[in-house]
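So here's one chain in two forms, each on its own in C-alpha cells, numbered structure 1 and structure 2.
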Structure 1
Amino acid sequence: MSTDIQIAIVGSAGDGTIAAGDILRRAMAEMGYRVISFDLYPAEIRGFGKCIARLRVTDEQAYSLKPRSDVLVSLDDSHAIPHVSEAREWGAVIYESGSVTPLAEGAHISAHIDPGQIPYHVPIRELSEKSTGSARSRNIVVLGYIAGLFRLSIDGFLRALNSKFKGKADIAQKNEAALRAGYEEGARWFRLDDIDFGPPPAKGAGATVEMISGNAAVVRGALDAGIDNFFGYPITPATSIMERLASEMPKRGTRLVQTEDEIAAISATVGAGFAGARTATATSGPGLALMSEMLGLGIIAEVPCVVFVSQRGGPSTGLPTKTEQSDLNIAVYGGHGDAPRIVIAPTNVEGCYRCAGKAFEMAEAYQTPVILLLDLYLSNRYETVPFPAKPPFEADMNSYADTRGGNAAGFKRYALTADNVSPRTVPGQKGGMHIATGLEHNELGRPNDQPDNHAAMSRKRHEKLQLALKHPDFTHTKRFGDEGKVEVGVIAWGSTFGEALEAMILARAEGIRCAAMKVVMIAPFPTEAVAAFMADCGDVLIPEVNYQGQFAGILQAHIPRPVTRLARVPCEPMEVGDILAEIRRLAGRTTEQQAA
C-alpha cells in the first residue's frame, strides 16, 4: 500500500473528539481514500470520560486498525498521555502548546513524548479563539492543521464539514474559519515525520464507494434485498439498525413496527415470515435470549426470517457499550430442543452488507430463521465500501409449491424431499395448506409424536441447512496468507478477523510461515474447509473476544484437534499485538529473533 496512515484523536467527552473523527473520515473518503475507523467513548454525559476516534486511511481497504498510529492528536492531555506510546517511531504527536492554568510536572503531554516521536506543538486554543471567537472549534482547528501539515486538499475537508453541519449555517461558517486557520498553521510547519499520503486510488468504474458503518451496511443490505417488514425493540448496539430502517422503509412503502418488547418483535417477525414477507428483527444478546422461544417456533414451523444480533459485553445488562463476541453460543445453540439455525457472522463492513442481503436469501431458500451476528465493534465501525451498481441479491428464493388444481387437504407442507426443503405455500395461495405449528408434525403439518416421524423431521430440519454451505455467491470461509504448509494458522470469526489478518501479515513480514482463515458461516459449520486448512497448520490459533473461547469450542465439536485459544475480554477489540505475540510464541520465535 502506498498510503497506510492511522490517526488517533484523543480527548474528553465535550471536546468534539468523535465529531472531529467523523469529519476526518468523511473528508478522507470524499478524497477517494479507503477508510476504516472505530471510536471509543464513554457512556457518560458530556464533560466526562475519555473519547478516542481512530481511523486508518489506505489506498486499499484495510480490515482492521493498526496496533500503532502514525499520528496522535491530543485534545485533552490527561486522557491522551496514557496513549502517547501509541504513536509510532517517527510518527507525529500533535498537541496544544499552551495551557490556561499552571501545570504540575508531567501534566503536559510534552513530558511523555518519546525521543523517537515527532512533536507538533500547536496553539490550538489560540487559533480557535482568533478565528471563531471561542475555544469550541479546537477540534476543527486540529483537522485543518492535519490537512495543512500533510498537504491534503482543504476542499475535501470543507465538503465534509458542510455536510456535517448542513442546515446550521452559523456553525458551518465558524468551523470553516477554524478549519482555514488550522490549515494555514499546518501548511507553515516544517515536517519532520515520515508520514506520506500517496495519491488516493483512482475511482473504479461501476461500483460507488461509500463510507458507512456496520449497522448502516446491514440496513443497506436489507433494503437492497427488498425487506418488506421489520419489527424491533431498541437495544444497544443494534438500535441504529431500527432507526435507519425507520427513516428508509416508509419511503419505500414498506413497514416497520416498534413493538413493546423483544418477544413481540420476534413473534411478529416469525408471523410475517410465515405470511411470505421478507422480514427481520434486530437485537443484542439480552434480546436474543428473550427471543429464543419464538425462534424455536420459526425453526419447527420452517419459517424464513432474519434476526440481526449485535453483541455487547454480558451476561445480563453486562457492558452495554463495550464490544464482545460472547453471544456466539446462544446464537448457535440458544433455545430448547434440537433447534438448528443458520448463523453467519460477517468480518467487515462490506461483509455486513453482503451477509445481510444473503441472510434473506438463505432464510427463504432453506426455510429457517437466519441469525446475522455482529458485535459493537463491527456495528459502529466505519469503512469505505464499494457498492455494486445493481444489488447482488436474489429478490425471491422461495421454492413455492405448484398448488394449481391441487387438493389442499392433501398438501404436504413438510414433505420429506431429496434435499429436505419442502415446497411451501403462503397464506392465500389457492390449493395450499397453511400450517404453522409448534408441535412436532408430519408431512401434512398435522401433530404427530411418533418416534420415526420425529426422527425424520429432526433429520430434515438439520440436513437441509447443509445446503447453505453451497449457497450461491456466498463465501463461508476464506484463506489468506501463505499457501501450503504453515507454521501457524489463525482462524477467526466476526470482527476479530480483521485483527487476526493484520497480525498474520505482520508475522509473515517477520519470516513466519503463516496463514489466516475467516469463517463467516458458523452454523452449519463448514467442517470440510476448516479441517483442510487445519491440516496445513503446525499450530492453530483462535483469537476471539469472549472468555470461554466459544468459537474454538464449536470448532472442536466438529474437528477434534487441539487448538490454542486466545480468548480475552478486554472490553475493546482484540489487539493485533496480542495475536502477533501469540503467533510468534507458537512459531517458537524469541523476542531477539524477531528483533533481528
Structure 2
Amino acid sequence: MSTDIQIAIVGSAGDGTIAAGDILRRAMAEMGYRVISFDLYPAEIRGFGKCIARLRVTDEQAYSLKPRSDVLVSLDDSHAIPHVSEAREWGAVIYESGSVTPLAEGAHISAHIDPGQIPYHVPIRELSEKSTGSARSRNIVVLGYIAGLFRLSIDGFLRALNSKFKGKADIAQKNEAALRAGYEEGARWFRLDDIDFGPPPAKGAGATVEMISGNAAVVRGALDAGIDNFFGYPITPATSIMERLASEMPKRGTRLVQTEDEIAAISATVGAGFAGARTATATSGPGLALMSEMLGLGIIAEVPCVVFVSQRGGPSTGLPTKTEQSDLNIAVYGGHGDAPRIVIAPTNVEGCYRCAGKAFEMAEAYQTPVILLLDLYLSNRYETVPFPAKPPFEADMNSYADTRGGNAAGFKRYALTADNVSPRTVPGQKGGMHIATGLEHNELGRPNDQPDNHAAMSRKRHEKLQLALKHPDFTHTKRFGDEGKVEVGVIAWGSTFGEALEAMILARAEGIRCAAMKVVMIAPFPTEAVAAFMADCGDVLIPEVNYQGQFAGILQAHIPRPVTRLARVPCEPMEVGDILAEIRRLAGRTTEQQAA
C-alpha cells in the first residue's frame, strides 16, 4: 500500500503548534518515511498570530506539499476555521470537543466542518490536564492521538519527543505522559476516514538519510566544503545559517564573527577571500541591498567569496516571515556598473547542500563572488535527504601562481589569459606582490582608465564566468517528463520547481504531453540548454513567486520568444493546482474533457 498523507496543525502563537510539527516530522522520519514539511508563523510576538505546521509523509520521493491535507488539527478554532476547506473530502478534522468559556454562535469549528469530512472531537484540554496537571501539553496530546488513531508505533514518537527535550527531564516526562494519554484515546476510537499509513520504505544498505532544513543543509554543505571564515549579521530568514555555523565552526578551529551590520559583514568576507580563505556571509533582500557596493569590489578585484541569500517578501522590511522569489533581479543585476557574478538557486533541500559546497568551488575557480539564492520556503522546509558517505567537494580550486623565482617586472595578477582566469597570489607570498583596487586597472593591478584596457578587463570579468556552465559535477539545468516535442513545457527555478514538477506529473497522467525543466544556474544564464528545451515546446509556462515574473524577464532577455508568465505573490508556496490549471489551458483542455 502506498503512503501519501499530509497533516496540518493550526494554532495560535504560544500553542506549541510549530513544536508539535517538529516532533511529528522527527517521528515520521525516524520510522523511515520520506517527509516534506513547511511551517507558517507570524512576525508578531508570542500570543498573537496564526501558526500552521504542515507536513507530507510519503513512502516515495515527493516534491511539494499538497493543496489539501488529509488530516487537519485545530489547536485554536479561530485560526483553524478558515482552513477547514483545506481538508480533503473524507479527510479527518481533529478538534477540541469542549470549551472552558461560552462561545459565540459559529465560533466552534464543529459548525464549519463539511458533510464529507470526518470529525473527531477530542477532549484535548482535559487529557492534558489529567496527565500533566496543565493544559500546556495540548499539542503533545494531539500527537499521541494521531499516533493512536492511525495505529502508528508510539516508539518513534517517544524517541522524537526525548530528542526534542533532551536535557530537560522534567519536561520530557510530563510530555511523555501527555503523549501516552493522547495515544490511548486515539487507539480506542473507531475510524471512519479512509486514511492509511502503509509500511515505510526499506532503508538501503549503508544509506545515510537525514531529515534536515534548507538552511541546515547549507550549513552542512559549507562545513563539508571546508569553510574557513564566516561573517554575518542576523536577518530573517537567513539567521539560522549563522546560528548553526556559530555552533559548529569553533569545534573545527575555524572562525565566525557577528559584525555590526551587513556592510561590515560583506567587507570582512571580501577581505578574507582576498587573503585566501574560504569565506561566506548570509543575508536576505534588505541586507543584500546594503552589500551591493562591496560586492562590486569583490567583482572588480576578482575575489572569491560566497553570499547565501534567503529571500522574503518585500520591498523594504516587507514580510519577514513570508516566502517570495522577488530578490532575483538584485541578485543578478544589483550593483553599479557592469558587475557580473555567479548566481545559483537550488530547488530542494538536497540541492541546498550540494549548491552550498559547489559555490565555494566556483568562487575559487572563477575568482568571483557567488550568490546562492534560497527563499524562506526552502530555508525553513524540512526534507529527508540522502547524504554521501564522503563530501563531494574539492578542497581547493584556486589558480595560484608559482612565484618562487620572483618577478622583477611585477606580478600580473590580472593577466589576460586564454580562459580569462588569471593566476593569483595571497598576501605575503614572495614574488606575488600586486595592487588590488576598486579602480579599473591593468594586468598588474595598477589604475588604468584607458578605453581599450577597460574593454579588455570588462570582457575578461564577464567571459570567465561562462566557464561555470561547465563546472564539474554541477547540474545547471535538468529536464523531466516527456521527451521530444511536447504541448506544454514548464520552466521553473528555486523552490517553485517542486510544485511545477508535481503539476507536470499530474498533467501527463491526464494525457497531456508535458515536460519540465529546472534551472539552477541563473547567472551566467544557460542559454543553449534552455533554448533547446523551448524548441521542443508548443507553449512555455514559467511559474514563480514574484509579481513581475523576474525569471521570465531574464530568460526572455537571452531567448527572445513569447512565454506565459504565472507570477503570484501569495505569501506562501504556489499551489500545484494553479500551475496544473494553466498547463491545461495552454494545452486546450476544457473542463468537460478533464471530467471525462
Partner chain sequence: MSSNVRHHIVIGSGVAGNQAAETLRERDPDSRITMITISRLPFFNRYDLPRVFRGERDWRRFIIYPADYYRRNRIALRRATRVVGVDSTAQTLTLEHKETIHFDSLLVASGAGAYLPEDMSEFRPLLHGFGAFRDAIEVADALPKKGHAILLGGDTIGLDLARTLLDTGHRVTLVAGPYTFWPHEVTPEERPKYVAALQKMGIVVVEAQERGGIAGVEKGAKGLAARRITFGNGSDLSGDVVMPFFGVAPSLDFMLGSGVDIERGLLVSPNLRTTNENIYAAGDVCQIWTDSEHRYCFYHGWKNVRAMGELAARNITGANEPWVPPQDETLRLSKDGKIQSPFWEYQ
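Quick note, the numbers are simply positions in structure 1, starting from 1. Keep in mind the model is a prediction, meaning the values are calculated, not measured. C-alpha atoms forming the largest set that superposes within 1.5 Å between two forms make up the rigid core.
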property	result
Identity of the form predicted together with its partner chain, given as 1 or 2	1
Large Cα shift (2 Å or above) at residue 172 between the two structures, core-fitted	no
Threshold 2 Å Cα movement between the two structures at residue 105, rigid core reference	yes
Residue 431 C-alpha moves between the two structures by 2 Å or more, core aligned	yes
